[in-house]
Structure formats: structure tokens, C-alpha cells
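Below sits a lone chain in C-alpha cells, taken as the form predicted alone.
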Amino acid sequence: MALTRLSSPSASPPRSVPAAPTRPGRRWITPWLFLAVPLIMLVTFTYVPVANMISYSFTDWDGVSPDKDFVGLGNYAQLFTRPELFQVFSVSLFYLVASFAQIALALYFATVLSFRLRLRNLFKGVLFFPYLLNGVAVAFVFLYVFQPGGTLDGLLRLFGVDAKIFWLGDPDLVNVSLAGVSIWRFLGLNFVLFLGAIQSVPAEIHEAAELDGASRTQVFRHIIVPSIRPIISLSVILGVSGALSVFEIPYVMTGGSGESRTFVIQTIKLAFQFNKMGLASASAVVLLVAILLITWVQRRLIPEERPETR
């Protein structure tokens, strides 16, 4: 007896059950639920204080009295007509040079330690360790390093230089000494940024360069630098803004006295020592605008590279 087919070839395949449709409103609101807390904290602790600072810059508030008389652009006019308030920007040049030296050193060490080298993990830890320390602690440590007859003078005596140098008291040496501390303090940050960017370059590119007989200098010039150019640009922005807004190291080590007073230290003294909160707010606004302007110019000169879309 012949067996009959249970299904014919022309029978249609079973239909899949369609997925339940998602509501457009739920899909729109889900990202904002995750962003709600960070956005609230950002607005509360960043944008609201900045708005208050801008409003204070148009008043003569002393920081204590409840009365705030509106003076318009009077604080800005006083700021730009008193040269001594802008002469402190010359101190930032020392830190600006130090930031470029720091970037060069960090790029050099990151490039060297990206190749196969004995004890390279130890050297990585030694270079990054200063950035883990608190800035105030670093400043106190270097107070003993720079004091007359201290650690630095003791090292110089080993090389035959027997002299007590006033590293923090000599107007010609104080900013050089403080800038040197900032290089030691922040070298680890740029080093880690550069090392991570270099290690993200595909290994096949390095292998191909080695097979073609390229030297390490050629690899650095034609492969590493073009590949990490956005990170170098970011480090330059951070270095320039940091040079303009340096505060903790000179404030702890010298109190901003003499030739070591920076623009931020001067702003804080105007606010809390001379009770000129309106003028100090105007100084802070000028510094903020200067940093934003320099960042914009740097972005225009070195545009961000974006991957090509097909």
C-alpha cells in the first residue's frame, strides 16, 4: 500500500510571528533617562556657576554684602586699563614652554617604550607615578627639594657645584623651578595618552615597515605621528589651557609672591583678600574667553580628522 504525503510541495511555509512593535515615545525617552543624572549635575555644578560668575562680573559685589550694585562694563574697563592686572600673563609663558617640553618628552618616552624593551613595564610605572600623587603633596615635597642646602643642592654638590642657590627666592629662577615641577607632575598624563594611541596602531603596519627596512626614526615620522595626530592636538589644547590657568603648585610653594603670581592666583586674591568679587569674576570671564578662543584657533589650524564614509 502506497504512503500518502502529509504535505504537498505547494504548501506555504509557516509564518513567523511578528515582533511586538515598540512605541516611538519609549524609544525616544530611553537615552534621556540614562543622561538625566549626568546632565543635572553638569548644569548644576558647571553652567549655573558660570552664569552666576558672568552676572557678578557686572556688579561691584564684595562677596559678603547682600547688595550688588550694577556697574555694567566697569569691571572690564578697569581690568583692561590697569596693565599690572595683565602683566601676570607673562608668567604663563614659562608654563607654556614647559608644556611643550612636557609633550615632547612624553611623546619620546611613549615611542621608546612602545617597542620591545627590557623592563619597559617598570619604566611605564615610574613615568606615570607622579601623576597619581596629589598636587599639594607634590608641591610640599619640592619645597624641601628647592630649599637652600636641600636635595637639589646636595645633588649639585656631587657634580662639584658647591653653592646655595635660592631656587624659589631668585626672581630669575623661581618660575623656571616651578615650571620644572609641573613638567614632572603632568608628564605621566600625556605619556599614557600617547602610549595608548601608539599601541592602537595596527601591528601589521609596523611589521610591514620592518620588512621594508624602515628605521625607528622613519616609523616614528611616517607612521606614529600621523596616526596619533588627534591625541597630540588634544595634548596641545590641554597644555595651553593649563599654562593659562596654573594655580596649585605656585600657590602652595610660593603663595604667588613676587614674580611667581599667576593670573588665577591674582583672581583669587582679588576675590578673597581684597573683597572685589565683581572684578575677580570679570578676570575669570576673561580667562575663560581666552581659553575658548585659543582652543577655537587651534581647532581651525589643525582640523579634526574624520574617517571617510562610503
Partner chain sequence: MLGSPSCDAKAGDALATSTDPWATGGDLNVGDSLLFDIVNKKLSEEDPTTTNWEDSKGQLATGKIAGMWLGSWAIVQMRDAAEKAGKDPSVIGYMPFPAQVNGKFCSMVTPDYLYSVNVHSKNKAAAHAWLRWMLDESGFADANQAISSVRGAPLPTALKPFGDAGVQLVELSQVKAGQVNAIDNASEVGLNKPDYRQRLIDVARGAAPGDAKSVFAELTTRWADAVKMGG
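Because the structure is a prediction, the values reported are computed rather than measured. Positions refer to the first chain, counted from 1.
One more form of this protein should be noted, the form predicted together with its partner chain, which is absent from this view; the next part is about it.
Trainee: I need to confirm a contact call. Of P226, P171, G213, P202, which residue comes within 4.5 Å of its partner chain in the model of the complex, counting heavy atoms only?
Mentor: Comparing distances to its partner chain in the model of the complex, the residue within 4.5 Å is P171.
Trainee: Counting non-hydrogen atoms within 4.5 angstroms of its partner chain in the model of the complex, say which of F129, F115, F159, Y144 makes the cut.
Mentor: In short, Y144.
Trainee: How about F247: is it within 4.5 Å of its partner chain in the model of the complex, going by heavy atoms?
Mentor: So F247 does not count as contacting its partner chain.
Trainee: Please check if G63 has a heavy atom lying within 4.5 Å of any heavy atom of its partner chain in the model of the complex.
Mentor: Answer no; every heavy atom of G63 is more than 4.5 Å from its partner chain in the model of the complex.
Trainee: Any chance S55 has a heavy atom within 4.5 Å of its partner chain in the model of the complex?
Mentor: Contact with its partner chain, no.
Trainee: Does the 4.5 Å heavy atom contact test between P148 and its partner chain in the model of the complex come out positive?
Mentor: Flag for P148 set to yes.
Trainee: In the model of the complex, which of 235-243, 89-97, 163-171, 218-226 comes within 4.5 Å of its partner chain (heavy atoms)?
Mentor: Heavy atoms within 4.5 Å of its partner chain in the model of the complex occur in 163-171.
Trainee: Need the contact residues for 268-295: heavy atom within 4.5 Å of its partner chain in the model of the complex, sequence order, or none if there are none.
Mentor: Those in contact are K269, L270, Q273, F274, N275, K276, L279.
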